Each structure stands twice: as C-alpha cells, then as structure tokens.
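Before any questions on binding or motion, here is one chain by itself as structure tokens, the form predicted alone.
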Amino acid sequence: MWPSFPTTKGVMAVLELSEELRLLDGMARDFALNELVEGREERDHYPFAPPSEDLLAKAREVGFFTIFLPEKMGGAAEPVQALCLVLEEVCREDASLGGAIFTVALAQELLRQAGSEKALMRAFAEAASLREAVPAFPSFHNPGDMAPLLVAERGGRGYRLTGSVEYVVLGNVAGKALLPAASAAGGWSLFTVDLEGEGVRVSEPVLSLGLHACPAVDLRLEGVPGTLVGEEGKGQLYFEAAADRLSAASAACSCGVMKGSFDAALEYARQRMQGGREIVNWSEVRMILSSMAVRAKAAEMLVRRAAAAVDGGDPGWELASRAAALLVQEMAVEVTCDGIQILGGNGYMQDYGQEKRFRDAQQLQALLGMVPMRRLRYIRRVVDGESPWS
C-alpha cells in the first residue's frame, strides 16, 4: 500500500481524494489485482495470440471506457482525476489495458473539443457491444508531426478518404475509428469512419516495443466514406487542446508502471537469499529501492496535483499537465531500469515481468506524440508568452 498524505493546507490538500474518487480508486485496484495479474505473461504474447477482447469487455462493464463521457451519460464528475486513478492502478499491473483505456478517452475528448459530443458520444454511451462502444484512434502519434498519409476529398455530399494510417489502437476491435486526414482546406481534419465498410483494409496486428496486448493495426482506405468531425482544417487545434487535458493521464500510465516495478523489485529483494541473508538487507540494494520508491511517490504527487489542476481549471493547468507527462515518463524509464537491476539476470526474463515494464515505460513515452516534438511544443508556448508558473 502506498502511503497517503495527511490533510494539510495548501498544495498537499489537493492530494486528498473525494469519496467518489476514493471508491473508484479502490474498485480499480481490485479490478487490476483480480483481472490483470493472472495471465499477464500470456497476454504479452500478442500479436501472436488473439486479442484479449474478454478483458476489454470487462473493463467496459466496470465503466473504464465512459469516464470521459459527459456526466449525464455516465461520465465522471472529475474526469481527469478519475481517469488518472484508473490508469495508475491498471498500469501498475498491466499497462497494455491502460493504453486501450487512454485511447478511448482521447477519442472522446477530441469529439468534445470538436463540439460533436452530443450526437457522436451518445452512440458510445448507448452501445450494445464492445465493438460499438470503443472508438479506434492512432493515440501514439501527433498527426501534426507526420506527413499526411490519409487524404479526404469531397464526394457528393460527403467526403471520401484514401490512403493509410499507421498504428491505429483498437483498429481490429472497434467498429468505428476517428482518423486524421489532410483536406483541401489546409492542415488536417478529423473524420469518423466505419471500419466494417467497403474499401477498408486492416493489417495484421502490429508488434510494438511494449504494450503488446494493446491491440493496434495499420489501416488502408480506398475511397471510404468519412464523416467530418468539427470544422474542416482544425484537427490540430482540437488535438492540442485534448493533449492539454490528457497529458496528465498519460503521466498516470507511467506512474503506475513505476509502482509496479517497485512492487516487484521489493518482493524479489525480500525473497532472494545471497550470502546467507535476504538481499533487501544489503545497503546497495536498499539505495536502489529507495531511489525507486522516492521517484514513484514524487510521480504520484505530480500526477495528482496536475490532474486536480486540470479538473479545477487552475491558472497554468495546460502546461502543468504537459510538464507532468514529460517528467514522469522520463522517470519511469529510469525506475524500470533499476527494477531490472535489482533482479539481476532474472530481470531480463519474461517470467518476472520487469523487462515488460521496461518496454512498456519506453512505449508510453510515445503517447500523444514523440517526446522531442512535445518538448519543443512546450518551450515554444513558453517563449511565445505562456507562463510556466501558476
């Protein structure tokens, strides 16, 4: 159990969770322990094994895919904090499911930013099946950093999309996708596409560095009808606004991986005997564990403070959310590396899970786009006059 902070005035007070959030945190922890621990290694064999649609269906049943819907549609009153708590607990045991939950929330937030929540988001809230309830989206890219591979052309009363999109998360599970495409208006726009329609070709599942059990495919479209979301040419505007809100959630994924790595390292150190005593009693091992625990706790505080700032609309919440993601994701790579070191040679074996957490921490850095480009965007906003301090 990770220690909580006492109620105090000032900054620390924001770490005290509301009753609703405490209940959600407990439910997410129970779900993670009951559903994600067993079979974790087998799920990591994907894409050489079937996707875990049963697990996705269970996550839907407990409401993990509706957190970012409007409150009247079953969403959370404090959506960013709620999503962060769920992602932290889920990713503590298996970050692959966290990648799927994050993708759904991002697609829903993009619809909200585009002003399409009433018509389109209701379809997800009232969906009868998993395939109808989850939208696919390339959440490990910022479309503005890539050459447009998908082009939208007007055809009669609507649009036709042609080209390809790489690494679309949930593309082989969802019935619909939210996709970026270049258009005549300049820039790029968002379109919803029926993935079961004619002209859609879905690749074999893509093997990635980490998050193996988070289903992702490449899509090829040939004149496929697409429904414009929001205004033409404003896709980047919607994406950056969504990234402001969801960056804290991406940090929560990495924070969860850090905690899971420390948990496994501490358990191993208590059980591993060498030189006639448990290695947890070696000062060198304790120094590494201390470093892991301190950074994981600091990440938890940073994520919760940033998430509360986003939900509360505090001054400077946009850069606070992005800064949390950049720092926590970097810390997660360091902590999971230490987690491997504690286990020695066993740390590189799949049986112990530490090498998976190391890969997952690397993969999570790509959420919402490449790290160098996100860093450049951050400092560009500061140089242009946005204050980095509250």
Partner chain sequence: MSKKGESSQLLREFPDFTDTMHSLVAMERIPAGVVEECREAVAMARRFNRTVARSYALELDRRMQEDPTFLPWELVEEANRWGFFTMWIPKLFGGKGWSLSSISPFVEELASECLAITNLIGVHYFGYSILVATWNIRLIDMISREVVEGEREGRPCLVSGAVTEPEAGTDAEEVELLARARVRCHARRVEGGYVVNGRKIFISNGHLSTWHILIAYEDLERPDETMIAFAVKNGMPGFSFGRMEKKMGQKGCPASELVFEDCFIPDENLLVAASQLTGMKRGARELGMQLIDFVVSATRPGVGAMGAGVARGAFELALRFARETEVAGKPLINHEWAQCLLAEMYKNAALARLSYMEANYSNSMYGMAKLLSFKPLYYYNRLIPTSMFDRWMPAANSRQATTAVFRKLVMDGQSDAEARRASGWASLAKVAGTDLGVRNCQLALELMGQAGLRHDRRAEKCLRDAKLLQIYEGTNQLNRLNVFKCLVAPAAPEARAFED
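Keep in mind the model is a prediction, meaning the values are calculated, not measured. Residue numbers count along the first chain shown, from 1.
Only in words, not in the display: the form predicted together with the partner chain, which the text now covers.
Interface membership of residue 194, defined by any non-hydrogen atom within 4.5 Å of the partner chain in the predicted bound form, is ruled out. Residue contact with the partner chain in the predicted bound form: residue 245 places no heavy atom within 4.5 Å of it. For residue 116, no non-hydrogen atom is located within 4.5 Å of the partner chain in the predicted bound form, even though that partner is not displayed. In the predicted bound form, at least one heavy atom of residue 141 sits within 4.5 Å of a heavy atom of the partner chain. Across the proposed site, 45, 206 and 376 without exception bring a heavy atom within 4.5 Å of the partner chain in the predicted bound form.
Residues placing heavy atoms within 4.5 Å of the partner chain in the predicted bound form fall in a single listed stretch, namely 275-283, out of 78-86, 253-261, 275-283, 296-304. Residue-level contacts in the predicted bound form: of 132, 166, 314, 222, one residue has a heavy atom within 4.5 Å of the partner chain, and it is 166. Proximity to the partner chain in the predicted bound form, defined as a heavy atom within 4.5 Å, singles out one entry of 173, 288, 127, 182, which is 288. Residues of 357-379 placing a heavy atom within 4.5 Å of the partner chain in the predicted bound form, in sequence order: 358, 359, 362, 363, 365, 366, 370, 371, 372, 373, 375, 376.
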